[in-house]
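There is one chain below, alone, in structure tokens, taken in the form predicted alone.
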Amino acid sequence: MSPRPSGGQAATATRVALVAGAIETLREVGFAGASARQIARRAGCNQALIFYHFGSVPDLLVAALEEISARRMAAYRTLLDRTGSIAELVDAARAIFIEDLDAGHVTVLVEMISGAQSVPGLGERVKACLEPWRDFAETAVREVLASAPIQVPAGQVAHALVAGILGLELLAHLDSDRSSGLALFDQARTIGDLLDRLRPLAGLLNLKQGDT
């Protein structure tokens, strides 16, 4: 007979189930349909537990978005840490684009952005979930850009990268067509490969300038 879970373990399991239920609800019926009853049914819990553990349905939905963000961060940190060139950075961004669409992460974000229009204060909380991605992207691209033939501030590139991926994901989600986004990544990959090939020339020019 397996040991009975402690109170703390049971509470943690309930919170995990409720967050999972909220994510599933946002994916299936959207923000407008994300009622306590709908979430609790998917979580296999009494809906009163939503208010006991999270205070309100919007608070639980924010926790669901935070969980999605944490999952993405963990997965993509390993992916982006392996990038050593501009072309590889583009490849990583392309992989993020595809995985987010396949996993339904974009649906959750789209629904939360939509819901933020009708719930006071929710927009700022959704924005706060996205802010760490800019810092993360800046760290990922700084080393790649250090030896690039064209010097561009890492912060600007990071902002463009996060905004670009998010925008492409939103458009692909709304249009149910990812082909245009993938074509852009393929073009960017070609340009990145060209810039990577120019790196030795940039290093040589920098060396000559240092000798003068």
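Residue indices: 1-based, along the sequence shown. The structure presented is a predicted model; accordingly, all values stated were derived computationally and were not measured.
Not pictured, yet referred to below: the form predicted together with the DNA.
At a distance threshold of 4.5 angstroms between non-hydrogen atoms, S69 is out of contact with the DNA in the predicted complex. When contacts are judged by a 4.5 Å heavy atom cut-off, N46 counts as touching the DNA in the predicted complex.
Remark: H159 does not count among the residues lining the DNA in the predicted complex, judged by a heavy atom distance of 4.5 Å or less. The closest heavy atom approach of A11 to the DNA in the predicted complex falls within 4.5 Å. Though the DNA is absent from this view, in the predicted complex it lies within 4.5 Å of a heavy atom of just one residue from L170, A36, L184, A163, which is A36.
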